[in-house]
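Below you will find one chain, with nothing else, as structure tokens; this is the form predicted on its own, and questions on how it binds or moves follow later.
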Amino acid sequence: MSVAQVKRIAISDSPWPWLLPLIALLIVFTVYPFFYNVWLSVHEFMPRTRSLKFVGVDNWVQLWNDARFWGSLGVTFAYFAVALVIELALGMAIALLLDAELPGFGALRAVLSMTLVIPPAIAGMMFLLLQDPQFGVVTYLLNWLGLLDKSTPILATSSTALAGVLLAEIWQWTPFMVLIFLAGLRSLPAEPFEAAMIDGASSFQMFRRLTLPMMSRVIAVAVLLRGIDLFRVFDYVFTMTSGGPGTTTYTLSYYAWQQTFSFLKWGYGATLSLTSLIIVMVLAEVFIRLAKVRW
């Protein structure tokens, strides 16, 4: 292709020269893996012969009767609900505090975003050390406050392990909610608030009757984005607890990974991942309709 032809394509009004690379990437990294996963879900890997055997719907039947699958699904929903509620409440509270032009607040907003560039696996390792029963800072503070006995390791105790994993999740991703809510707060018109202040409305009344209704779309988008990401949690569980103790922190993504790469059940692992995708798509669609999100 000559230079003149390249220039003609670059300045043409047709969108296809710019869309084709994106479409190719979507086919290679999204469409093909999806259909391959569907095909794999009706097969199973045979380690002895090192081949895939067609099993039909056996993997889906096994899924329905798998108690560990239902247990991991319950853990995933519990993790999803607790993390989302706490991140939503903390994110809004911190965003309201930082929605001011006081000295140092700009730097503080920049510092908050630093947690987002840390890989989740690294954050998990950090909190694994922070919650170490011998020298962990979090363990020491909880012992000092009388909230935890010295003989109770956080990540090795069934009643506290999931909370220990959630601590890393909430620490890393609450700033994401803060940044979204700050952007929404900065876009709100000032006139309704000025009128409310003249009428003698309190700060809580303005928040409940003005801020929340006008921020509803922003909140809905933030919940949707974080909800999808929370449902596929894997990194923190893998690095901090490996699903333990027992199956206390077994999430659906971790269970799918274990079946695929530890037990070499490629077909069943594909079935688990497709089930996770279906659940996320259904929940997202229901939420979009209820929250009336418009893109």
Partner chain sequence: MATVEYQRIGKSFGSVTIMRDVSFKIDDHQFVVLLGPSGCGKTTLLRMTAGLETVSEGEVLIDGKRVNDVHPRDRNIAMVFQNYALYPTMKVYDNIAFSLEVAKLPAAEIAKRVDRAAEVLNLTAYLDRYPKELSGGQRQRVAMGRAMVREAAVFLFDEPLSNLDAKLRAHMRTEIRQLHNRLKTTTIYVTHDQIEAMTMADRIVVMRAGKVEQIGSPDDVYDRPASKYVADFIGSSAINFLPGTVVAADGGAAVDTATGQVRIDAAVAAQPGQKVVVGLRPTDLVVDANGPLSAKTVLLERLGHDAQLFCRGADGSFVAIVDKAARFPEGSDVRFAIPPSKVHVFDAQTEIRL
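Positions refer to the first chain, counted from 1. Every value quoted in this text rests on a predicted model; they were computed, and no experiment measured them.
The same protein also has a form predicted together with its partner chain, omitted here; what follows describes it.
Pick from A89, A201, L108, L224: which residue has any heavy atom within 4.5 angstroms of its partner chain in the predicted complex?
Only one option qualifies, and that one is A201.
In the predicted complex, the residue from V218, L97, M197, M125 that sits within 4.5 Å of its partner chain by heavy atoms:
Selected option: M197.
Given the stretches 143 to 151, 205 to 213, 160 to 168, 129 to 137, which is the single one in contact with its partner chain in the predicted complex, using a heavy atom cutoff of 4.5 Å?
Selected stretch: 205 to 213.
Partner contact for E191 in the predicted complex: its partner chain, 4.5 angstroms, heavy atom
Although its partner chain is absent here, E191 would touch it in the predicted complex, with heavy atoms inside 4.5 Å.
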